[in-house]
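Shown next as structure tokens: one chain only, the form predicted on its own.
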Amino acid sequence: MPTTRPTKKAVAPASTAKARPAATKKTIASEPKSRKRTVQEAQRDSDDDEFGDVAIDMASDDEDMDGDVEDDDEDDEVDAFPEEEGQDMSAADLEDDNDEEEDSEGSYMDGDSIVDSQEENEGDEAEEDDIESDFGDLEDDIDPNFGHNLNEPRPVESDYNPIKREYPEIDPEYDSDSSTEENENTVGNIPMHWYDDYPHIGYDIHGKKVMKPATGDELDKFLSTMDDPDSWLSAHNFKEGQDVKLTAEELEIIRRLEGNRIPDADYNPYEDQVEFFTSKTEIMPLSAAPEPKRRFIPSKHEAKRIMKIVRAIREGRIVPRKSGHVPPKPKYYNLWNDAEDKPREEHVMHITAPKMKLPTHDESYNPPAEYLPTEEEIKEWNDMDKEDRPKNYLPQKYNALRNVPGYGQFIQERFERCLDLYLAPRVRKNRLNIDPESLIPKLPSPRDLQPFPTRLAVEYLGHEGRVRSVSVDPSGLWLASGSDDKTVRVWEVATGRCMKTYHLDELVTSVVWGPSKEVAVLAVTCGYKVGLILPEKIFSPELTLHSEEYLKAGFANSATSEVNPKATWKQPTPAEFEQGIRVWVHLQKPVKQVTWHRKGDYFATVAPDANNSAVLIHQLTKHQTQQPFKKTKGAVQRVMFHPTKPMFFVATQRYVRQYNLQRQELVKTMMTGVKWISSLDVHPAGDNLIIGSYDKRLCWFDLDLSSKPYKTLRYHQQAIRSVAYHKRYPLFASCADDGNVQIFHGMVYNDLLQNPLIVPVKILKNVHERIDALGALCVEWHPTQPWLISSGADHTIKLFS
């Protein structure tokens, strides 16, 4: 078992163990070198001395860290214990050493560096010996065991200059020096003001409370500052709750920062540049430089040829070309061009001649078997004309190329190609690569344009003839219809129940409710008459009484007013009065249409056969009739009042004219482009209108845009009979003789720069059966709901919701 030399540990009482490292260090540093040499000589003389009951812990942390302590080399320098160095040391000397160790305990264990503790110890000794000491005395007192002098460069360790390290004493009675340290605050990086109201400042590693150190008031701080001349070197640690004295290294860092220098003194910002890619050209054995001329070896063969040419020139057999040599003129000339032939610049539209197609496999003298035609294909090719043949040859197979005969059509094909090149004109056409789908306007989905009617909700049955006209009252509760069975029926919209039936003498061509909710009146046209009906037992008694007085007031005023021979106002018979008819207006020709003014006092009638008096405007309160036009242009088909302005629209067979009733002048004439107008309706805003025609077209006009149609829609297969706008929703509809009803979304924007949006959203197919080439005859929108009501030649009325 190898012997282990004891380490440098001194036996000391337990009371002084806390300050042992600093005191031992100081003692070692202050002893003269002669004592150290004496101890080494004594140790050489007595290597087998025993140390008594000294307990040495071989597993201490300091010994594990420093492997040099257990070195078996006997030549290493070892500091002896105080007991061995001098046997004449008394107990008083040991007590003095212990006192010095206790004095240096505070500053060293409080977190100061060893250098600072040495400065303080040296300062105390200097005060006792009256020797001045300044900051520069640190050069001689720094312990070589723990660092080097800051003002001198650190020596470099090598094989020729070994550095001998000396380590501090370790107390054998303790497991490690860490046992002498105070409890540290391990609360972590948290705001320390959380502990302001508690007596402790944190917790140690075992979870026990670390009590706050005693702190004085401001006066105590001032007195301690005055007593301690080195107080300016300290800083307060809020985590530990005490002042910490700065080391020399930390003070040096502060000085360098204040001087705007780099904190690290060992860092050199002006080091030499390291060239990763050197600028020196390396000498390589290979080179890509061109060969020098000195390595050229002339060819003897070329030398003979050159000498032969030189002898021919000398003999005159070869005449060198002179500088002013002119090439001889050609022997052939262009007979058709007097001017000199010069290259002509290509025209902008010039197109080069197309190249002939390359031969394919079937043109080979030995084509594959799949290219050879069958007998049927050969017969079919022979029967075809030359112009219709896809190819002017038939593939044939030969065993060898020498067996292929001459091609008889060679001259003919080349001649035809020359004709194509010189006689056929070639024109450059710029092709536009346009996606056809991009030309289709992007329309929104019909699901995003709801609500609109999609299904049948109510069906009204009871008429025995064609239902030519329907109308809904302003409240939306009652529906009136006129039929060829000479009856006018009033229906309940929600249930489809017939509330009242009026029997007349002629076919009913038009029924329209009055626009005012204060007067319940229904205008009906039958033959040469226009009747005003007051439905009884339907409306409230107050509304019925007010409407009765409103209709009777006109007869009192008609006695004083002038009588127009074109129209006669008459009272009904007692039997007609019992039915509900209150006023009759007799005209000279059959009436086809009646329409109301927005205020409910005026209504207009259309009698197409009356020529100049085809359009008449009647005033209900005064029983007066006016003829707005002395002469009409064409046969009038439909008329409409503007919903907000004093405008009047008159539709003839091919034109729609807009008149100003106040100024009595023509405002605009719309060019429809259709053959025969059948129906007309004006948008509730008054800036757009639609017309339907017997030639299956529906035209949308933007009155502010142009006199021509903004959109022309042709979705029906037969003649359009009626068109109608909804008064609240952006919807309009049309019906035709094909029995279908087309529903469109027509959004009109307030922005004049944005065009109306027209989208077809629904087709109600086979709504009415076709009877005698007639289908759906009239459509009408509910005034408040997105419901559509249609009537047809099959004697039915249907409501779609």
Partner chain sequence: MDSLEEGPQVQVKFVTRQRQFAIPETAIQTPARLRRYGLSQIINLVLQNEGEKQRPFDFLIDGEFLRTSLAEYLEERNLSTENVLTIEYVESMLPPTPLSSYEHDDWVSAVQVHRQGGFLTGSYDNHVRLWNRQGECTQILAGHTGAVKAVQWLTSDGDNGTLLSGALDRSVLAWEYNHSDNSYSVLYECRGHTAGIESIALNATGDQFATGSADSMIKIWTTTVPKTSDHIEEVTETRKRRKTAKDDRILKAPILTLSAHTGSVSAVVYNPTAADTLYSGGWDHSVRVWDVENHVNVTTKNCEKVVHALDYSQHSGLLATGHADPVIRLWDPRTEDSSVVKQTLSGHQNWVTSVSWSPSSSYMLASGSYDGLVKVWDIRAKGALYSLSHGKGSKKVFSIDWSDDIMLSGGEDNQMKIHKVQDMSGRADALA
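Residue numbers count along the first chain shown, from 1. Note that the structure is predicted; figures quoted are calculated from it, not measured.
The protein also exists as the form predicted together with the partner chain; that form is not presented, and the subsequent description refers to it.
Using a 4.5 angstroms limit between non-hydrogen atoms, Val512 is distant from the partner chain in the model of the complex. Not displayed here, the partner chain is approached by Trp787 to within 4.5 Å at the level of heavy atoms in the model of the complex.
The partner chain in the model of the complex is approached by Trp478, whose closest heavy atom lies within 4.5 angstroms of it. When contacts are judged by a 4.5 Å heavy atom cut-off, Lys537 counts as touching the partner chain in the model of the complex. Judged by heavy atoms within 4.5 Å of the partner chain in the model of the complex, the contact stretch among the candidates 518-526, 197-205, 493-501, 424-432 is 493-501.
For the candidate set Lys675, Arg455, Lys633, Arg317, a heavy atom within 4.5 Å of the partner chain in the model of the complex is found for exactly one residue, namely Arg455. For the options Glu375, Asp217, Glu542, Asp609, the residue carrying a heavy atom within 4.5 angstroms of the partner chain in the model of the complex is Glu542. The partner is not shown here, but in the model of the complex the stretch 701-729 reaches within 4.5 angstroms of the partner chain through a heavy atom at Tyr729 alone.
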